[in-house]
Structure formats: C-alpha cells, structure tokens
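This document starts with one chain, in the form predicted alone, laid out as structure tokens.
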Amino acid sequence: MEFVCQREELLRGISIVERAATSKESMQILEGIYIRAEGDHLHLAATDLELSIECDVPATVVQQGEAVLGSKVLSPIVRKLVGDQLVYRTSESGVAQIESGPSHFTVHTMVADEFPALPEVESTGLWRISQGELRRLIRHTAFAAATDDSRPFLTGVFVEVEQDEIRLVATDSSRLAFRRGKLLEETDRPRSGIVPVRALSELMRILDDDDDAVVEFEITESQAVFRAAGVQMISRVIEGQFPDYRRVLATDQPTRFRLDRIQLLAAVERVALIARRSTPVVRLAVKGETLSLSSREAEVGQAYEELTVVKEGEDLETAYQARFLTEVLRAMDSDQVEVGLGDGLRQGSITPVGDENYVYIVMPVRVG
C-alpha cells in the first residue's frame, strides 16, 4: 500500500475515528486504526465492538491496500509532523514508512485480516435531520442520563421517531430531560431505542458547525446508525425497558415564576460554593416577586442571594441539588426560563420561555 495525502486531512480523519478504538490488552487489533487505500481516498475505521466510527480522507493512491496501525502510535506521529504533505508506504514485511517534511518513521503494522468486519448498513430508508436540530436534541438531554451502570437502560438516551417528529429523553430517576424535534421528511416507520450516551457524545464531537447540513440515521433493534459528511458511526443500542416518561411530564405545579436564565445560573453557582464537603444543595424560596437562594454547611458557613422574578401562584419553598439546576441551565439556549415548584417532595420543572418542545423535570431533596 502506498499513498500521498495532506497531513491535516489525515489528522482530521484519525481524530474522528480514534476514540472508538479500545485499550483492551486482550484484543490488540482493537487498539488499531484500519486504513484502506483505494480509488482517490483512504477509508479509516476503528471499533471496540460496541461503537465503530468510519470516515473517508482524500488521497492520491499509488498502490491499493490495507493495514492496521496502533492508534496510540499513529495519532501522535501524524499530529507532531511539520510537513504539509504525508507519504505512506507499507513494505512486504508489514512495516509502514511515514514521511513528512524532514521526518521519517518506520512503524510495525498489525494484520489487516484480523480487524473485525464492520456492520453493513443499507443506504436507503434512513431518516434525515439537520445537524443543528440533532445537536440541540442531544445537548438538551444527554447530560441527564445516569452514570451508574446498575441500571444500564438509564445510561442511554431514549430516542423515539414517529412521522416527522423525533423525541429524545434521558433520566437518572432523580431528573428527566425531554426534547422534541423535527425530521426533514416524514417516515412511515415509527421506531424507538436507547442509544448510549457515549455514542451521542462522540457524534456531537464529529458534527461540524454547519447547522443546515444533513445527518442520516436509523435505529434498529440492535444498533443505531448515523451518517454525516463522509463519516459513519454505528453503536449498539441498550437493551431494557425505558420508563414511561409521559406520566412524569403530565404534572402541574402550584408555583411558577420567570426570570433571566444566566442570572439564575450565576446565582445558583455562587450560592453552591459554600457546600465544599457534601453534595451542594440550594434552597429556593419564592415570596411575592422575590426568589431567594440559600445554602449552608455546618463548620463552613452559609450563602444567601435574592433575584427579582415574575411569579404566578402561591409562595413556596423547596430545595434541589445544585448540579441538577446548573447543568440544565448551561445546556439551554433561551434568555428567559420558567421554573415550576412542587410543594413537599413533588417534582419541579424548568422550561425555556417560548419553547414548548423542551421540558426538564427535577425532584427536590429533603433538607432539615
């Protein structure tokens, strides 16, 4: 195999696929990046058998072929090279020569035939969505998924497609984030599945800044497929029954108030600073048109702050984990938010003003 390509183009491709490679010592081939040179491009791939990422890189192919190089060796070499152009050759002994500018490397390759076969995906029948819409759906929900593997079905995001609507839901049982979006075309194949957060995080990293660019995707019983601008990512789906999120959304709070999102975020962050030795909890108390935020910790001190709000309903006081408030407020785009408070240990909610497609539910905590 021999090819010539732009170093930056190859580095971009390596950066896209390398995080699907694994570090499991028992399967060394999965530590590698598969490279196939054919036609006018390189095909790069990496997989850990649960997540696989593939992409194409333009190149001048002198001799077709394939090879697998360790990602922890190839990536830093290409990253540190100073030349604009990179020349790659593989000898019959399986040693790769990499040249760029004044630098010359020889790197041992792995047997390409041992690299696992990647799933085949039909190119027709995929759903289509804009990158901007998909990025917003993921950003507004994925943070609320559980990180505890004791309940695997909560460690992913539930994706539901019906007609021209797509819904993403994530929960760790103490909070729930729901976002509704639109597909570019209607589908007659309603489907749902739980996609691992890791896969969606990698997808966010792969997507570029062109909000209007199109992503093709599909969720089957066993895998989720995403395609965008020469990149394909395939992930397993998580088995299990996702909770009935509709029952959680159908609630009514006796107190609702509106205020500036950034002001609320900053106030929660400041008040939570006092809780250094435990999980920060912030008390919210609404009285009239004033929202007071407070936090205290024995042997440390206490914090108190007031904000002006527009309130509907009765005066009320409750408390939430600070992180459950700051994470959603950082994820949101809107200038104003509406906060709903439940009495006792009933759930609260946060929604962006003027956007009925996003709801965040959060359970209060009991404080003495």
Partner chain sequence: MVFYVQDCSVRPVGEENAVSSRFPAASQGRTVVHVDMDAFFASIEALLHPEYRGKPLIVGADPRSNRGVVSTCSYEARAYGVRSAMPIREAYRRCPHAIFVRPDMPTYVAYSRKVREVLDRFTPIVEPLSIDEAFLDMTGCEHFYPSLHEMGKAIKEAIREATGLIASVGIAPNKFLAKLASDLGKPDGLVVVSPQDVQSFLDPLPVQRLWGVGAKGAARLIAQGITTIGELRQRSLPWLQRELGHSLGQHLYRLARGIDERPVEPVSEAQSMSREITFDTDVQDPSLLRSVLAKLVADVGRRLRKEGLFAHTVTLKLRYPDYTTITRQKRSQLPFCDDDRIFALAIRLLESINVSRPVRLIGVGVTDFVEAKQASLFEDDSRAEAISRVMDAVNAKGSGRLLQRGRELYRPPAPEKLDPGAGRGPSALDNPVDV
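Residue numbers count along the first chain shown, from 1. All values derive from a computational prediction rather than experimental measurement.
The protein also exists as the form predicted together with the partner chain; that form is not presented, and the subsequent description refers to it.
Participant: Using a 4.5 Å cut on heavy atoms, which of 103, 163, 173, 251 is close to the partner chain in the predicted bound form?
Facilitator: By the 4.5 Å criterion, the partner-contacting residue is 173.
Participant: So if I measure heavy atom distances to the partner chain in the predicted bound form, which of the stretches 228-236, 292-300, 127-135, 92-100 falls within 4.5 Å?
Facilitator: Of the options given, it is 292-300.
Participant: Should residue 189 be classed as touching the partner chain in the predicted bound form when contacts are defined as heavy atoms within 4.5 Å?
Facilitator: So residue 189 does not count as contacting the partner chain.
Participant: Spell out, yes or no, whether the shortest heavy atom distance between residue 221 and the partner chain in the predicted bound form is within 4.5 Å.
Facilitator: Flag for residue 221 set to no.
Participant: Is residue 367 close to the partner chain in the predicted bound form, meaning a heavy atom pair under 4.5 Å apart or at it?
Facilitator: Heavy-atom contact with the partner chain at 4.5 Å: present for residue 367.
Participant: Is residue 244 part of the interface with the partner chain in the predicted bound form - any heavy atom within 4.5 Å?
Facilitator: Within the cut-off, so yes.
Participant: Residue by residue through 67-98, tell me which have a non-hydrogen atom within 4.5 angstroms of the partner chain in the predicted bound form.
Facilitator: Contacts from 67-98: none.
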